[in-house]
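Presented below, as structure tokens, is a lone chain in the form predicted on its own.
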Amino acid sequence: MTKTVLLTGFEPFNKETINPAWEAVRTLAGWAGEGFVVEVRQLPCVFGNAQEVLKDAIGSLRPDVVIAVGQAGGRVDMSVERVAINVDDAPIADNAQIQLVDQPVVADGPAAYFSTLPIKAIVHALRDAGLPASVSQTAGTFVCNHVFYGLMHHTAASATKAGFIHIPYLPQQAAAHPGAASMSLAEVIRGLKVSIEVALTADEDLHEAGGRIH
């Protein structure tokens, strides 16, 4: 039976004209390999609405794997997120000019959820492919974490593997942010393909160091 992989990427936000997550994700629409096919969805960078679009996509597609992808300007690598926390604390307004402060993502939900992707196996494979990658211990408290937490909450009782990957700016964005790291679109796409393949094939995660001192 063919497995379905759902990839999501956000629309541009915070005065950017593009979002590298969506630029990469959309190129993988319909990408298929042995026993799987990829579906993609763009999410609004809006609290609440982003979760609803994601929930509807999961309900209609019933995917085996979900990887949400987001822009993290200032990061230097593909950051495979470990944990989503139950708080919205926005440093800026979203695209609907909503700025939630100290609000739960899900009322009465658990404090946090861990990704169910094989995060260390993905990082290991990305590095083996010559791509900079690391395990990240924080997805922030903006719409990316909001979606990540909602994704994990919605799939908690299912067998769906799910998680979140942050990516750096594209070079054309970094040019407007002096000193910021970047990653080419081709590298991001290649990294997402590697991540999908590992998520589909790894039955267990690797047991190797991936933490940080601070």
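In case it trips you up, residue 1 is the first one in the sequence shown, and so on. The model shown is predicted, which means the values in this text are computed figures rather than measured ones.
Unshown form predicted in complex with another copy of the chain; subsequent notes refer to it.
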- Message: Quick check for you: of 61 to 69, 48 to 56, 175 to 183, 29 to 37, which stretch puts a non-hydrogen atom within 4.5 Å of another copy of the chain in the predicted bound form?
- Response: 175 to 183
- Query: With a 4.5 Å heavy atom cut-off, would you call Arg212 a contact of another copy of the chain in the predicted bound form?
  - Reply: yes
- Message: Taking another copy of the chain as it sits in the predicted bound form, is Ile92 near enough to touch it, meaning that at least one heavy atom pair lies within 4.5 angstroms?
- Response: yes
- Task: Would you check, heavy atoms only and a 4.5 Å threshold, whether Arg41 touches another copy of the chain in the predicted bound form?
- Result: no
- Going by a heavy atom distance of 4.5 Å, is Asn86 a contact of another copy of the chain in the predicted bound form? yes
- Contact check, 121 to 156 vs another copy of the chain in the predicted bound form, heavy atom within 4.5 Å, ordered by sequence, gives Arg127, Gly130, Leu131, Pro132, Gln137, Thr138, Ala139, Gly140, Thr141, Phe142
